[in-house]
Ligand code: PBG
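Given as structure tokens, the chain that follows is alone and in the form predicted on its own.
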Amino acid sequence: MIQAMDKRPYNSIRMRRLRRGDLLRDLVAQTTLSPANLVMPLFVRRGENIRRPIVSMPGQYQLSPDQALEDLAEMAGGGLRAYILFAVVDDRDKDETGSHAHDPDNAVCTTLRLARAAGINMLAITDLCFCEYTSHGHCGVLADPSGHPQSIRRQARSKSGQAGKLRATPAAPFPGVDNDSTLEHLARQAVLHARAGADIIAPSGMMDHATAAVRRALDAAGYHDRAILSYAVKYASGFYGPFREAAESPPRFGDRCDYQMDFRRGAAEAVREAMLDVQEGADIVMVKPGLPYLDVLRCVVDAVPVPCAAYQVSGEYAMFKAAANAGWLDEKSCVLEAMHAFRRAGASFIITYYATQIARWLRDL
């Protein structure tokens, strides 16, 4: 008996054809990843021969400039092309206005000069903020309710009434950060970094008009060629916890919600923040944190006419490390998947504490 013909339309499409074998998958891959897409953060502090482990970030260290130089030479040899410096400041060098940020011999400036003298062929990026330098841990000069900087140091007392160690503590409700006074400090700090050898200045404190202030200062000092990477879209996030240990910069009181972005807001605000910074002279913008904000990253990438970076922050790094150390996931495959997710969402490059490891993994593929 002749079987009745199937009347359904013939569909020859088989989506699995392009997934058949490594060679074919590599041929049609639309997202690429290389060491050139990665930036390695380093935490630097004054001193010599210091390599202090950061407990909450396994594999990361606070480094003295001489030790940072050794790591940078190794990174350059491994194919990495960019790094970003964060300061770790001794308590004795902190004050209410973060004046140590203007010391040309601080750890960031010293590391920059050493790297230049050693001929390290990497882009030098510097984080531009004051939370690491201030005694109160906020990202700028504090203001009283009338808008004037105020002193907040007072004597702490024990329960017995004896005078204790001086520490930063609010004498009144948290007055907030004085935006415009802080801009003056950021401008000075930016010129200092450029003079020491920074290629890219990255203001991170979420002060309104910081990009314009930094651009004006750099241009006035003759550093027209130094780029600005703006932390344009930076959320008040719980994922920063390990960083605050690494940089020894948690706020002593209050929080940063008055100036960092609210994650309950939509992507339109992020696009507006990024566009404002581009208009003020940002050459690159950033979205921070990373994986929880891929939707925001995509929207910003689609809107701005400049490259966009993503920051895989300390909390993301620590979670991967903890889960991998517990044997709950394969570290290499999951981290590389995350990196490709950033690239697929449009990130031109990713700042990640995994940069050196990823460079090694990519060489072994």
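Start at 1 and count along the sequence shown; that's the residue number. Predicted model, so just to flag it, every value in this text is computed and none were measured.
The same protein has a further form, the form predicted together with this ligand, not shown here; the description that follows concerns it.
- Here is the short version: of Cys131, Ile125, Leu142, Leu183, the single residue with a heavy atom within 4.5 Å of this ligand in the model of the complex is Cys131.
- The partner is absent here; in the model of the complex, the one residue of Ser99, Ser135, Asn179, Gln260 having a heavy atom within 4.5 Å of this ligand is Gln260.
- Phe349 falls outside the set of residues with a heavy atom inside 4.5 Å of this ligand in the model of the complex.
- By the criterion of a heavy atom within 4.5 Å, Tyr354 is excluded from the residues contacting this ligand in the model of the complex.
- A residue is said to contact a partner when one of its heavy atoms sits within 4.5 Å of a partner heavy atom; Val313 meets this definition for this ligand in the model of the complex.
- By the criterion of a heavy atom within 4.5 Å, Tyr83 is excluded from the residues contacting this ligand in the model of the complex.
- Stretch-level contact analysis of 267-275, 68-76, 232-240, 105-113 against this ligand in the model of the complex, using heavy atoms and a 4.5 Å limit, identifies 232-240.
- Contacts between stretch 182-219 and this ligand, counted in the model of the complex as any heavy atom lying within 4.5 Å, involve Ser204 alone.
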